[in-house]
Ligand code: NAP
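Let's start with one chain on its own, the form predicted on its own, as structure tokens.
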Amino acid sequence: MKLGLEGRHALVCASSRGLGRACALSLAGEGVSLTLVARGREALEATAQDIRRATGVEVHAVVADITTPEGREAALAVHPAPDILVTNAGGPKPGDFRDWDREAWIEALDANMLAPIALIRATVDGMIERRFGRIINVTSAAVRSPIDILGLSNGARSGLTGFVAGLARKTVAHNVTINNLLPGPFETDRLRETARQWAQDHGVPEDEVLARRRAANPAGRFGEPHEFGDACAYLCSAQAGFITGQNLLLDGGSYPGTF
């Protein structure tokens, strides 16, 4: 299926590795030029070069912290009017809510709620004027199935989800859709890092931790990043103009609910 995205431009946040990188790769494969943003220069430039070689599209790499006003300004300076926006940022630290002060909450809200809203505010009116726009927020399966030690993430990402639910019904008449992708366990560096830390804390081999987690998933495996990237690309497609305000859960069937 051709997704009708040739010649479009996308701003993809936290795209040097993991799921952000996967989204960028899938979009580039459809002929979308890119602005990639991440904090680590080496990984970001390597990803940009890999995508250029693989697809031939134009790729701009911006080293910046997208959770800050200065970072967002730098990202949008390269291409102020993207057709596609993929918001993404690392999740806040886990822990017990009794240990989180106001500063911890504000940091979580800045990264996982307020930064995406600021990027939407900066780009959505241009999309409306051009009568095409696709906004994808990478959130978390924890929005649907909250995890007790991830209270900062649960709260901040749920706030973004509520905001999107209202706005998405206002923009769709202009062919501007806003949707959220909720990843469960995917084969990423972050998943392996958390497994490694758990293994060290509990004296269990890392391979055993990963094997247990795979077996616990109904799919019997972790998701592959390209599966996530392709889901993102489809939601950005010309064919997806009737999908808005939705939360697409990609978790291999872990969520047990009917709705």
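Computed from a predicted model, the values in this text were never measured in an experiment. So that there is no doubt, residue numbering starts at 1 and follows the sequence shown.
Just so you know, the form predicted together with the named molecule exists too; it's not on screen, but the next bit is about it.
Just one listed stretch, out of 27 to 35, 58 to 66, 230 to 238, 195 to 203, contacts the named molecule in the model of the complex at the 4.5 Å heavy atom level, and that stretch is 58 to 66. Proximity to the named molecule in the model of the complex holds for none of Leu119, Ala168 and Thr171, with the criterion being a heavy atom within 4.5 Å. Comment: the named molecule is not present in this chain, but in the model of the complex one of Ala89, Leu85, Met113, Met127 has a heavy atom within 4.5 Å of it, namely Ala89. Mapping the unseen interface onto this chain, Arg157 counts among the residues with a heavy atom inside 4.5 Å of the named molecule in the model of the complex. In the model of the complex, the named molecule sits within 4.5 Å of a heavy atom belonging to Arg39. In the model of the complex, the named molecule sits within 4.5 Å of a heavy atom of Leu191. For Ala14, a non-hydrogen atom is located within 4.5 Å of the named molecule in the model of the complex, even though that partner is not displayed. In the model of the complex, the residues of 155 to 189 lying within 4.5 Å of the named molecule by at least one heavy atom are, in order, Arg157, Pro183, Gly184, Pro185, Phe186, Thr188, Asp189.
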